[in-house]
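One chain follows as structure tokens, the form predicted alone.
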Amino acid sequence: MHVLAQIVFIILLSIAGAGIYLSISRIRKNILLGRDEDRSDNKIARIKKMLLMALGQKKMFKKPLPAILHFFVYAGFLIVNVEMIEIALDGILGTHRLFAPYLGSLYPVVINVFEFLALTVIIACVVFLIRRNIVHVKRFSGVEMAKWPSLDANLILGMEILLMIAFLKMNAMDQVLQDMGSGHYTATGPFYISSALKGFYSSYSESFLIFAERACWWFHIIGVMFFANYVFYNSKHLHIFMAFINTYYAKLTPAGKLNNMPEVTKEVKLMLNLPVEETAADGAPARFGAKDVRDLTWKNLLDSYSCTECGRCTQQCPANITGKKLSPRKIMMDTRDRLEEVGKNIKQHGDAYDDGKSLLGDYISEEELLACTTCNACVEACPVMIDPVSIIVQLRRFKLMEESQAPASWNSMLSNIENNMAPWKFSPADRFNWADKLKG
């Protein structure tokens, strides 16, 4: 029977591993559809930023209560699942608590830490479910959060609660079996939190407890396998892993500094008789700005997969606050949805396939783009350093430079800048006429 269980476990583990590998490959291929961009500079600064933002969750602590709860869920779930190393080896080798003899008296200390974190995960997830479904925190709502995004968040929280409960119940029954002297369950020392559950199981027979403990063990390990595949395949909780990558490659220059197009910069310098760097692009780009996801950079596409859908960006957006249609969170979610669609089209029909749709127009409207003030409040608020403004600016460049579509007020301002070197409609020679009134 043990051999059969080992075979089943190895098969399930292989299937889960293959599923995760295929999802990672899909995501990687989709991200690499974007234009090239060099983010390999200043590695030390990038590592510091990653550790501070992703691991330390610096920006989360602007809101202390949800930050502490989120930290327990994030750290607790990751640390508790370190035990998956032991569980996986037990499943493959047919052993039980493989590390216990080697760690000795340290083993129950480690498990007690895991149990404490498991309990904090359960408490935090319950609070988050209440905030989402009973209190109805405003930033969790919005047109982009209807149906699947809302269900996805609840499913993940529910799964985390069930997995942690299974872990604690498994340990509780394990201790009862240790007290009975069951042969397969060697003494490990007390597990204090799960010990509180021992009273529920002390009256059951040894055979039933072995069956129930194994059921919880299988539920926990299969649940973790399913959870990992679900997250990588189609869930916002992909940010559990992507946060580290995204913060490492985040922008190091000031948020308000826009990246100019080198082709345009070169032409302006030539017009002004300024020296042109030899590294500047010589020819016109295939497209000014961006119309679809393949016109964006790979970092923009990485941003879309890293979105936590927490709504902090939209909550801080002045355009959204004043009732305009713009939601930076929706910009990121639309970019990710369109990228997934393009990736599927390429897989099914080949690289040259055109479905007649684009990110601009079919997903993101002109009204949303024009509402943005490029204030970067969304960038400042994002806990994983996503940059929605970069995408908005590139889409607006396409509207203006490729389609010559801009509000009349914008055209007037741009014309004044071109002719008068200022947004106002008077010559530079008259710029300080207002000061004449101060004389005397």
Partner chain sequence: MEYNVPTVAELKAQGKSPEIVFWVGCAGSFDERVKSVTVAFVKILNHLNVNFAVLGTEEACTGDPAKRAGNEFMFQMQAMTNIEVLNGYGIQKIVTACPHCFNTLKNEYPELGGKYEVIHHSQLLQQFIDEGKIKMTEGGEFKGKKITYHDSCYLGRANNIYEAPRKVLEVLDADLVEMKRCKTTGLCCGAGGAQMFKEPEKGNKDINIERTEEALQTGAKIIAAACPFCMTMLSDGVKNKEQEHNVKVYDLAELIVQSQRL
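Positions refer to the first chain, counted from 1. Rigid core (definition): largest C-alpha set, two forms, superposition within 1.5 Å. From a predicted model like this one, the values you see are computed outputs, not experimental measurements.
The discussion below concerns the form predicted together with its partner chain, not included here.
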Quiz item: Residues in which of 64-72, 406-414, 23-31, 36-44 have heavy atoms within 4.5 Å of its partner chain in the predicted bound form?
Solution: 406-414
Quiz item: Taking its partner chain in the predicted bound form as the reference, which of G183, G350, G356, P254 has a non-hydrogen atom within 4.5 Å?
Solution: P254
Practice problem: Please pick, from S202, N259, N133, N234, the one residue with any non-hydrogen atom lying within 4.5 angstroms of its partner chain in the predicted bound form. | Solution: N259
Quiz item: Does at least one non-hydrogen atom of L52 fall within 4.5 angstroms of its partner chain in the predicted bound form?
Solution: no
Quiz prompt | Close approach of S427 to its partner chain in the predicted bound form, 4.5 Å, heavy atom | solution = yes
Quiz item: Any chance L4 has a heavy atom within 4.5 Å of its partner chain in the predicted bound form?
Solution: no
Quiz item: So in the predicted bound form, does any heavy atom of N376 sit within 4.5 Å of its partner chain?
Solution: yes
Practice problem: Give a yes or no on whether each residue among H220, K299 and D337 has a heavy atom within 4.5 Å of its partner chain in the predicted bound form. | Solution: no
Quiz item: Taking the rigid core as the frame, does S23 move its C-alpha by 2 Å or more between this form and the one not shown?
Solution: no
Quiz prompt | S14 C-alpha relocation of at least 2 Å between this form and the one not shown, rigid core basis | solution = no
